[in-house]
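Here you get one chain, nothing else, as structure tokens; it is the form predicted alone.
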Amino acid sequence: MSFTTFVTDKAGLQKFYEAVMASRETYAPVEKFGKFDFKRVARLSECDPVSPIAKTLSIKPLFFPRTAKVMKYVATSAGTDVSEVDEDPLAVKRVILGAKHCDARSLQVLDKVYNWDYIDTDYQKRRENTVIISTRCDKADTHCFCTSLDYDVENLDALDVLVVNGADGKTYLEARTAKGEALLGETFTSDAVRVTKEEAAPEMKKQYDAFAASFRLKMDYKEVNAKLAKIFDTPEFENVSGNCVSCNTCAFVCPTCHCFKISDEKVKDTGVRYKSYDSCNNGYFTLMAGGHNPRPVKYRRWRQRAMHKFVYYKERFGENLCVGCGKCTISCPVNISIFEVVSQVSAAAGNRQ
């Protein structure tokens, strides 16, 4: 299917954003304490759709909330009455402005597990009702390595509308999905001019090539996958995880980590069941009822994290459980980098062969 491309300028882009906000519920990066988190906004002045990638949190909580009510229950003399939770506020028709490409891609990765042995209908409804507008980064940040992984960043279809900053103040808007095509049709303004894909391609290619050339970090993910798959017991995992303080920040900011726990909060005979973020780096994550824990030490938990992202998920779903956003490294209080971890361990694996 061929999708529409428009060219406009910065003022035209702002009018497009304003038209989007007027037509649908909108989430965009909002600054607080030096970080940008995605919040519901009504005006463009409340947010920054081009917030710095290093300071912008993931869109994951808009699809997989940090904590969410699963059900309510009341114990009575006749038994326990279970009731549904309130209507899901994240399942309405909405638009996300300013999502990073790596964030958008993370949803395609999560789709695999949420459509696997159990269909998460809440997640599915949020996905179906959301249109993602993403501006392609002009420059890679220090810890980015998305172009080194197993997806086509230039032709990504994980987002619905692509925004590209071209030369001479031009801005390109390109639909990448049917949802994006519909949104562009609904919010078309006289400030945007329709162009053919062939007309826009040279400038968009030039912008992408400059972006791709700005990366400091590069890896051969196929080589990393292959080497990690052949090694399990290695002292190198102890070396790379030695500084970890098990705070779980890496998992909570990661756009693809999806571990969760179920907990109950009960007052007398009334309770609420919650689903909340968890992490395989937690010491209690694999603790069994009888007291046995197969991952009692830190390096085993870090091994699980690295192997899950670059071996296990790949074997099951054909994709890495990492999109190269660098959010975990940026947020880590002791500067542990997943890029350096898998690179160092795989290099050690190569030396043992």
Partner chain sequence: MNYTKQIQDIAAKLFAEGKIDVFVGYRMNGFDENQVPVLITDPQDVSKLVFTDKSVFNLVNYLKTDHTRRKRVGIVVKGCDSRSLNLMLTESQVKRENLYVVGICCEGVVDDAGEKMQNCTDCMVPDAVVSDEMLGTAVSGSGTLTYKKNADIVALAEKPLTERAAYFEEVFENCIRCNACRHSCPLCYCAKCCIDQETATLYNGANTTSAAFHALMTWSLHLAGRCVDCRNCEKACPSHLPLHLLHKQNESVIYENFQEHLAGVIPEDRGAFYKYSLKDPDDFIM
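What you see is a predicted model; the values in this text were computed from it and never measured. Numbering follows the first chain given and starts at 1.
There is also a form predicted together with the partner chain; it is not shown, and the following applies to it.
Residues of just one listed stretch (218-226, 176-184, 253-261, 129-137) have heavy atoms within 4.5 Å of the partner chain in the predicted complex: 253-261. Interface residue remark: Tyr151 is not counted as part of the site for the partner chain in the predicted complex, having no heavy atom within 4.5 Å. The partner chain is not shown here, and in the predicted complex it never comes within 4.5 Å of any heavy atom of Val74. Not displayed here, the partner chain is approached by Val334 to within 4.5 Å at the level of heavy atoms in the predicted complex. Though the partner is left out of this view, Gly34 does reach within 4.5 Å of the partner chain in the predicted complex, counting heavy atoms only. With the partner omitted from this view, the residue of Tyr172, Phe211, Tyr274, Tyr114 that lies near the partner chain in the predicted complex is Tyr274 [heavy atom within 4.5 Å].
Just one of Val297, Val70, Val50, Leu44 comes within 4.5 Å of the partner chain in the predicted complex, counting any heavy atom, and that one is Val297.
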